[in-house]
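Consider the single chain below, provided in structure tokens and representing the form predicted alone.
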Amino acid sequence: MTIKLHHRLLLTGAAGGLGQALRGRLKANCEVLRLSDRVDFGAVQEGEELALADLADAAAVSAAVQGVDAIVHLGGYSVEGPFEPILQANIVGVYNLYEAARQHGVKRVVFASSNHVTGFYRQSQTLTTDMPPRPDGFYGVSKAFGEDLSRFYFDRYGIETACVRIGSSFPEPRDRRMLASWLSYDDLHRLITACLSTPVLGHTIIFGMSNNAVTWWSNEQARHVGYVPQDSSDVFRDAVYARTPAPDLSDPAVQFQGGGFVKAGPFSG
């Protein structure tokens, strides 16, 4: 059930793939949905506001955050790549966001972390949310930084955060790896809704996955969030197996949970 607890929500990264998937869904969570990205992505619709902001621009981020009740932070560099753009968008950018939240009295954030924070654990392991990070690249390192920064802002300033380690959120699983990591768009919305509406969130790490039979992750320590996934990758299993070859068990992308990210780089120039 979606409870409309907040008058105005800020959605960063609104022009990205997940931002577009959530744009219509999150309107059920608020009276006004403020959309932010670094690029202009068209006219706003009823119940929407637009706040263009590069996350590396502290003043622009502060203006985007002013007057909102909670933040769903999807913005940033979303793939593995060279360090400098990741630094600006995901490290400087997340600092600017939390500073703006502190300055404007925003007390709840849903932070889009990533499964790549733990990408160098093996696919034969089942992880709990208190296990140490093992990032699989600069992108994973930046999300681990965001998790630590958000914990600091909770301990020091009382800003509650759900660090959602999003798995693979697409209309359907693309390969055999995603049978474990898949998160449907509707379950992503259910998860964000739970994070926005649970009475006491604190600082919580939670894995973003649907109700998949094959899984590497346990949310037992995040039951207070109240997330109950309704979708499953299992209905796609036969089709995925039919169109994909048997895995090469000597391939690091098959051995480790991060998939191809564990082999990306090095980057130069």
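Start at 1 and count along the sequence shown; that's the residue number. The structure displayed is predicted, hence computed values, not measured ones.
This next part talks about the form predicted in complex with a small molecule, which is not shown.
Proximity to the small molecule in the model of the complex, taken as heavy atoms within 4.5 Å, picks out 108-116 from the listed stretches 154-162, 121-129, 189-197, 108-116. Proximity of residue 24 to the small molecule in the model of the complex falls outside the 4.5 Å heavy atom cutoff. In the model of the complex, the small molecule stays beyond 4.5 Å of every heavy atom belonging to residue 239. Contact annotation for residue 231: none of its heavy atoms lies within 4.5 Å of the small molecule in the model of the complex. Although the partner is absent from this view, residue 17 contacts the small molecule in the model of the complex, with a non-hydrogen atom inside 4.5 angstroms. A single residue from the set 179, 74, 100, 91 has any heavy atom within 4.5 angstroms of the small molecule in the model of the complex; that residue is 74. With respect to the small molecule in the model of the complex, the three residues 31, 48 and 184 uniformly fall beyond 4.5 angstroms at the level of their nearest heavy atom.
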